[in-house]
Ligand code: OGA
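What follows is one chain in structure tokens, specifically the form predicted alone.
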């Protein structure tokens, strides 16, 4: 077994994994050690990696089945530059780079709000892996939220209020608020398109309860008036997004960060649109969402 060691970030979640080269196949023993650290820390960072898309896909497959990339935004036409054709269904390109007048990837340089990746699907990905190819000197940091801790520290009255409740996860817009292809603007949140999931999710492996919020815009709690749903969601979100539950990743080229999409939310800081930031992301197929 390779000599790997795990170093906690000291924050509410996250750890560095040292001593593993992901450009090479990993052994079963190393994979199991990574899974153990992942269950404990929720977010793992592998620094100094040199990966192409097939290496990224191979490592992702060590952890589970590859999931397909999300639906692009309206009006988005990506150039094929920088990604191999057979990787296109499996590798999402997150980028501010423009080549020959076309974006190399999606989501530009603006802020991305707190969200869970692709939770608008009935089977949201269990995990995402994001690899940095180009990063700006400042900005574009990624924040992560520990949703176990957010649930555990909820006031008793809020826990009672959300017990057994379900919420719509909007499929019409991405985390930047852009309308996706094939969708129209919805004015009434009760008719927001997307999957319906429990507000409290039971993790299938750790058996711990976590808040499962998706994203705030377009959300609606079933069985409540719109006004009451908005008030309850505002209270839950205000609690869950406190700085004490967060850790921020300041990117360097060669960083690969993977997070458990079942118990972690994330966001991105905006950055200078004239600067290039290029990331490739894979996702792991999820399982049915269990109510907590």
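Residue numbers count along the first chain shown, from 1. Being a predicted model, the structure only gives us computed values, none of them experimental.
Same protein, other form: the form predicted in complex with N-oxalylglycine (OGA), not shown, and the subject of what follows.
Trainee: Quick one: 33, 44 and 262 and N-oxalylglycine (OGA) in the model of the complex, is every residue within 4.5 Å by at least one heavy atom?
Mentor: Result no, not one residue of the spot touches N-oxalylglycine (OGA).
Trainee: Looking at 203-211, 108-116, 163-171, 190-198, which lies within 4.5 angstroms of N-oxalylglycine (OGA) in the model of the complex, counting heavy atoms?
Mentor: Only one stretch qualifies here: 108-116.
Trainee: Does any part of residue 142 reach within 4.5 Å of N-oxalylglycine (OGA) in the model of the complex? Heavy atoms only, please.
Mentor: Close contact exists here: in the model of the complex, residue 142 approaches N-oxalylglycine (OGA) to within 4.5 Å, heavy atoms only.
Trainee: Does N-oxalylglycine (OGA) get within 4.5 angstroms of any non-hydrogen atom of residue 130 in the model of the complex?
Mentor: Yes, residue 130 lies within 4.5 Å of N-oxalylglycine (OGA) in the model of the complex.
Trainee: I'd like to check something about residue 135: if you look in the model of the complex, is any of its heavy atoms closer than or equal to 4.5 Å to a heavy atom of N-oxalylglycine (OGA)?
Mentor: Contact check for residue 135: no, nothing within 4.5 Å of N-oxalylglycine (OGA) in the model of the complex.
Trainee: I'd like to know whether residue 94 contacts N-oxalylglycine (OGA) in the model of the complex, with contact meaning heavy atoms within 4.5 angstroms.
Mentor: Residue-level check for residue 94: yes, a contact with N-oxalylglycine (OGA).
Trainee: Using a 4.5 Å cut-off on heavy atoms, what residues in 253-283 are near N-oxalylglycine (OGA) in the model of the complex?
Mentor: Stretch hits, in order: 259, 266, 268, 277, 281.
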